[in-house]
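This document opens with one chain alone, in structure tokens, the form predicted on its own.
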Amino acid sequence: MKSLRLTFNEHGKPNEVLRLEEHEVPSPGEGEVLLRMLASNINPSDLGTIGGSYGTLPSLPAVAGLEGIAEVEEIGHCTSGLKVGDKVRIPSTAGSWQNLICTKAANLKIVPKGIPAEQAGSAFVNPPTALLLLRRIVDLNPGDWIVQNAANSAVGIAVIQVAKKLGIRTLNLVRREELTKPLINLGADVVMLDDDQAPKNFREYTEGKVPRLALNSVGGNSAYRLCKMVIRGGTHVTFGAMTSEATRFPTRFLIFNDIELKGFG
């Protein structure tokens, strides 16, 4: 059976190294299933994997795409627990940017019925990341403040929504003012422009409270600004680097404010 897939034989910019190719997909053998992709995400981690900067890289050549939802189309011999028509999360090693995948049934997670493929396709990376950032880094209590940049990103929106449920208040930095109202409607407490005025003025909007946790997925000057917006003894955690700008080492805040810099991946 013929299928199309996006592959890369070397690391680089996606528009330079990705190739659309046709290939033959085998019929499923013992313990295998044939899957038809329904929804495939494009995450920053996908671009990092293609570019060669992500922490875990596949052997080349590789099929692009780390997250996606597929439907079981055909089942091989001795495959229990799955049936044709089931929606499943594919393993990240399979490559989601393709039409058809033949893979081991044991690697698959069934998606509960009633959840649209587009929603399920975005449920396994970003929302769990948000939950872990809010629960594993600092022991936060209802009423505590956190600050994050890239608040309109998929993780940022999930942080806003999860924090609202936990009673944690969010100070959210964005690059465009028109993002303020949509994020407030999603549950954000405060939305500010990510500029040099934010560290000077944020207390006016937080009743004088200072965040205990700063979430950085941008880097560069934005990451440095977050160091100015976290309480003495607070924690600054980096889980992404959406800009190619180098981040200044916050010597002053490490020495005099005793903040802690951590990574999360």
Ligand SMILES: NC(=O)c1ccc[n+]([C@@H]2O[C@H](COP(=O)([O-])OP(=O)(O)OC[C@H]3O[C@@H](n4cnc5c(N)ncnc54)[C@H](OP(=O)(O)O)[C@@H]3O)[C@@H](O)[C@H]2O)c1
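Residue indices: 1-based, along the sequence shown. Being a predicted model, the structure only gives us computed values, none of them experimental.
There is also a form predicted in complex with the named molecule; it is not shown, and the following applies to it.
Contact check for residue 180: every heavy atom lies farther than 4.5 Å from the named molecule in the predicted complex. In the predicted complex, none of the heavy atoms of residue 135 sits within 4.5 Å of a heavy atom of the named molecule. At least one heavy atom of residue 154 is located within 4.5 Å of the named molecule in the predicted complex. Heavy atoms of residue 218 reach within 4.5 Å of the named molecule in the predicted complex, making it an interface residue. Listed stretches are 185-193, 85-93, 107-115, 145-153; the contact stretch with the named molecule in the predicted complex is 145-153, by a heavy atom cutoff of 4.5 Å. Contacts of stretch 234-265 with the named molecule in the predicted complex, defined by any heavy atom lying within 4.5 Å, are made by 239, 240, 241, 242, 243, 264, 265, listed in sequence order.
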